[in-house]
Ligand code: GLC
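As a starting point, one isolated chain is supplied in structure tokens, in the form predicted alone.
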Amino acid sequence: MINIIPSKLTIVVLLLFVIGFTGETQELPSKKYLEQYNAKMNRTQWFREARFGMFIHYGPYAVPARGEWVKSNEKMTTEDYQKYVEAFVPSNYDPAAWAAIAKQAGMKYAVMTAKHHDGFCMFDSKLTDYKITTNVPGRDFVKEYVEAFRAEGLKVGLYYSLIDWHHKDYPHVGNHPLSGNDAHKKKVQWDTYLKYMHQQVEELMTQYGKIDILWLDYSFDDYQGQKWKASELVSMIRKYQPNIILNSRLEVNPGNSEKGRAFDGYGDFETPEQAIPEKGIINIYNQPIPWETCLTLNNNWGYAANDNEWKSPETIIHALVEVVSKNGNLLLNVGPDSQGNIPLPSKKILAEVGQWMNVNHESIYGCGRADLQKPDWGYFTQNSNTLYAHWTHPKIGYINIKGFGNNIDKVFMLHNGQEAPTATSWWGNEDQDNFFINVKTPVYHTFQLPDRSDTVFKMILKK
């Protein structure tokens, strides 16, 4: 794994590091900041090695089948939405089948919605009857999920919405279905809601064994940080789950911005959504920080029956490689239908991604950014002294890893282990520092990639 944790940096070395990135000096991090940074990098080491996970959005919104925001988008009252809640009685809920799909796709962890914005709990909360065990007595869906995914050797994460469109003491703000409607404005007991929210998180942290990730969602406007009593919340979480990693959404999500972050808040990793930053995400001292792009397979997180804008397996593979090449993770979403079935198009896409991962996973797991400029023919990933060239775009005859040839000992095709032919010149191109890789001699014809999505070359670097 590259760029995992910096060694204990002296002031001189860190100053040179900062100057090297920016061309100018800037304030150095304090000892306390470095300790906090290193603690976060330690906690997230497994996460940054795993690189690929499954997001699962599941709840009563699967019944109307118009996405997880249907209650807000269509300005439904609690009474309007209740018919969908009562109809949510999944007969095919089988998280073991979901876990098998995730594992076969090459995923190493998963995050499932324990409660989304509609307030409906997929676990047996003692604080409300607005939960799955009311609809399906004796079955705690979160319990079944964590047990099934652990059985496949996958890390388990839980998503919990900080906001709640159902609770009587959550105000009609932001994207609440009744926001802006004067007829529905009412006074709320904010502390009563916070107590409820904190106690539900405590249930999740104490009733389901070791939880690897807590994915909190989301902050907006003034509803962030201490508005949620974040310090108390995080302290409680870490009391019960000292090694859990938290996302950064107790504060407003900075999204895909490449500007250096303070990275001194409550979260251990950042969560750009539905996009990939042009570069890796860094803190204000130009140190890499953990991040994860969450991405839908079509255009909705929750099940949407009429949304057939499915991304191709090739698009998903390229997205995965791109985020890893920038020190990031990919959390890829599925939205099961009201009966608990992952849609067939999702399964087909994940199966094809899994076929590629079965052959090329070593270029993903434990890998990160290489200190090379992105080539026009694809991407680089690197793990220690092994460099991987991901050839994602056909070219005629060769790819050129210019300026790096003297550092390479051997080159192999990852899919079959065969040594790949290399050269320092190609048809008159004898420029200095050329290093060409070629697997045929197709001088006049576009090279047909052994893998249509991404052919990977494994390069052993000289020590």
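Model, not experiment: these values are computed from the prediction. One-based numbering along the sequence shown.
From this point on, the text means the form predicted together with this ligand, which you will not see here.
Novice: With the partner absent here, would 57, 69 and 159 each sit within 4.5 Å of this ligand in the predicted complex, counting heavy atoms only?
Specialist: Checking in the predicted complex: 57, 69 and 159 are all within 4.5 Å of this ligand.
Novice: Exactly one residue in 208, 218, 170, 379 has a non-hydrogen atom within 4.5 Å of this ligand in the predicted complex; which is it?
Specialist: The option sitting close enough to the partner is 218.
Novice: Pick from 249, 176, 131, 166: which has a non-hydrogen atom within 4.5 Å of this ligand in the predicted complex?
Specialist: In short, 249.
Novice: Which of these stretches, 109 to 117, 369 to 377, 220 to 228, 342 to 350, has heavy atoms within 4.5 Å of this ligand in the predicted complex?
Specialist: Selected range: 109 to 117.
Novice: How about residue 301 - does it come within 4.5 Å of this ligand in the predicted complex, if we only consider non-hydrogen atoms?
Specialist: Because a heavy atom of residue 301 falls inside 4.5 Å of this ligand in the predicted complex, the answer is yes.
Novice: Under a 4.5 Å heavy atom criterion, is residue 281 part of the interface with this ligand in the predicted complex?
Specialist: Outside the cut-off, so no.
Novice: Decide whether residue 330 counts as a contact residue for this ligand in the predicted complex under a heavy atom distance cut-off of 4.5 Å.
Specialist: Output for residue 330 is no: heavy atoms all beyond 4.5 Å of this ligand.
Novice: Report whether the minimum heavy atom distance between residue 294 and this ligand in the predicted complex is within 4.5 Å.
Specialist: Contact with this ligand, yes.
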